[in-house]
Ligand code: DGL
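A single chain, nothing else alongside it, follows as structure tokens in the form predicted alone.
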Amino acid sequence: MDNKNTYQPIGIFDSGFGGLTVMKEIVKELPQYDFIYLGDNARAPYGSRSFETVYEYTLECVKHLFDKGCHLVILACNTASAKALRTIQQKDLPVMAPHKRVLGVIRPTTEIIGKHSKTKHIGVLGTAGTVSSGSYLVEIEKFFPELNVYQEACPMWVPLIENNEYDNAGADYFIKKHIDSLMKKSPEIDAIILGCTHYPLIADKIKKYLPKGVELLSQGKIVSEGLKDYLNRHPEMDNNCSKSGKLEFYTTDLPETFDKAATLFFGKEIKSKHQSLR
């Protein structure tokens, strides 16, 4: 089965653990497909890095997933989707792999957000890198130009989650601080995008500090439904995906360390292998 001609999994990439919340929903939606997850934990986090660095790292990881037989790769990382996806799609793929595809997590969310707001005021919570990239503003403008979009960078949330400190009272301070800051920008906000794949782990705490009636949108389910629709619309790509329900996990850091935290994000035990990028 591991012959590249027959084993053609869908690749899922993230700089660390967050993409596993997306993969969890994708596997639930498409259980028959084969998947490979690659976390670039050795160089995480990507959020504070430059566009050039994020692009270089992301392209390197995409190439590794292509080498493992993937014809389709999902960037299950908002920072990589914001800072690298467009360049990879427009500049690299036509040259190195014209029949392969790389998709991100920002577009599927922005395609549907307008249907979730009555006030036309929406919020985006994300890392500093995702917010500063302006990618959500650009994509939402394409689909729903009438929406007013307010962003809030939450630099402490990922470290709190990855260090398993998000259940402590100290985490509540930082969660409430950014929710209050976002809602001050517009009290009319009635829908909020969780623009980081880590944030579903603190969704319950976020809801605790939100005004009643504000809807919180996680990307996992949206991306999984979007991928299913994409494969239905592109049978030539679907035919290139092998279907035996096999899951593989790779990390550029220590597998033992990865497995412990990854289980928290994926919801079940994970056994990963080390992936060297050099």
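Keep in mind it's a predicted model, so treat the numbers as computed, not measured. Start at 1 with the first residue shown and count on from there.
Just so you know, the form predicted in complex with this ligand exists too; it's not on screen, but the next bit is about it.
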{"item": "Region of this chain that lies against this ligand in the predicted complex, out of 202 to 210, 70 to 78, 93 to 101, 174 to 182 [heavy atom, 4.5 Å]", "value": "70 to 78"}
{"item": "Contact label in the predicted complex: P45 to this ligand, heavy atom within 4.5 Å", "value": "yes"}
{"item": "Partner contact for H198 in the predicted complex: this ligand, 4.5 angstroms, heavy atom", "value": "yes"}
{"item": "Residue contact check: T130 to this ligand in the predicted complex, 4.5 Å heavy atom", "value": "yes"}
{"item": "Contact label in the predicted complex: I140 to this ligand, heavy atom within 4.5 Å", "value": "no"}
{"item": "Interface residues of 135 to 166 toward this ligand, as seen in the predicted complex [heavy atoms, 4.5 Å]", "value": "V158"}
